[in-house]
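We begin with a single chain expressed as structure tokens, specifically the form predicted alone.
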């Protein structure tokens, strides 16, 4: 068991069965060896009995050493001075020898007991430190408070030989409770309760219970449980603060999104509406005469602004779907080059001021995609390229097969995107610093990334070889399982 158990110091004279046996056996062995040698070499018997006392004290503790010392003091005079084994113990030398034997037994037993106690204490502290370190790494994982409490209750069962752990806590008015049991059912046995303290205030309690017949909780057990409870309290407090920070961050992001959406609605929606209203008002004004060419221009403007308004509203709706987790592709086998050709044909009027070059190999394999969603991605990317690239510049679209995935690249000759903004431009409503005056809602790239990721692909931005910007994305050939 990794936690401490009650330790009986070997330095106390405890006469256990094992110690008694050792105290009896060692003098008997010394007697058997010394008996034939004693008449000729009496000094050997003293050394043998001294060794017996030391061995007994080392192996069996102070109690065994004292038994061996008494027996050695009694037997040695009989063996050495009276081989006929007539009991004598009246010589001053015999008394002194007995005192020496008992003193040796006492000193060796105390030293061995103290060393054993120090070793056991150090080992116990090491196990406790290892247990608390494991507990700390288990608890401080950034989990929510409920999960922290469950893990805390679970991790205490085995080290403390518990049958049941129940933890209750109250955080910010929320009541939390975790109960963990061993697999087998058993009658309740010894139990102890430890408070969960945050400073001086109690935020809950820990109830630990052992099975029927289990040993009572020692003072060391109680102290270690209190240390574990302090770690759990710290982990709960950290989880509570992390939860508050996440809520605050979410509120900040929500407020930022609301502000950006309000800005988008007030600017990007009103601009096409104003153009549409101006065109319709002019056409309906009987005092104004329009030739067929002027009427066509006004109607074309109304159509373009209507399409722009429709795309903006569609982007806002798509953003709402993405945040609600409802963006699920309806996949089917389709040729990417055909999707690109359809989008280029539809976008031709909007890219009339640019030269569009397409590199579309005809031998590309089909991929599992949602053609409608991929159409939207290509539309957003081409519209961005046309908006930011100068008139008369080239926009190049290429499709190629790389590593079992189809890769689409759209390159323009605009101002490009700084390296430190190439990830941020995929955030909703973020507008790059390179073209701050260019109209746009800041939703196109965010929605494009969501669609590509939903297809199991990836999208990124590179710098063009001659300046400008390259937006590339890859879609794997086969559907990627979630």
Partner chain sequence: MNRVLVVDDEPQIRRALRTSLEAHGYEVQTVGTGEEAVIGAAESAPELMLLDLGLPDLDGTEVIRRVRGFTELPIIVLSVRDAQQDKVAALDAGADDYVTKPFAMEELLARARAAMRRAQPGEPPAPTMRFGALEMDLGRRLVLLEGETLRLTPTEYQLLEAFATHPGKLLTHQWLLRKVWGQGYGTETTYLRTYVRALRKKLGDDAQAPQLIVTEPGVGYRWIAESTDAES
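Numbering follows the first chain given and starts at 1. All values derive from a computational prediction rather than experimental measurement.
What follows is about the form predicted in complex with its partner chain, which we do not show.
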{"property": "Non-hydrogen atom contact residue 345 with its partner chain in the predicted bound form at 4.5 angstroms", "result": "yes"}
{"property": "Non-hydrogen atom contact residue 215 with its partner chain in the predicted bound form at 4.5 angstroms", "result": "no"}
{"property": "Residue contact check: residue 376 to its partner chain in the predicted bound form, 4.5 Å heavy atom", "result": "yes"}
{"property": "Partner proximity in the predicted bound form: residue 230 to its partner chain, non-hydrogen atom cutoff 4.5 Å", "result": "no"}
{"property": "Residue among 387, 246, 321, 177 with a heavy atom within 4.5 Å of its partner chain in the predicted bound form", "result": "321"}
{"property": "One residue of 334, 107, 278, 352 in contact with its partner chain, assessed in the predicted bound form (non-hydrogen atom, 4.5 angstroms)", "result": "334"}
{"property": "Option from 189 to 197, 202 to 210, 217 to 225, 307 to 315 whose residues, in the predicted bound form, bring a heavy atom within 4.5 Å of its partner chain", "result": "307 to 315"}
{"property": "Residues from 357 to 380 in contact with its partner chain (non-hydrogen atom within 4.5 Å) in the predicted bound form", "result": "358, 360, 362, 366, 371, 372, 375, 376"}
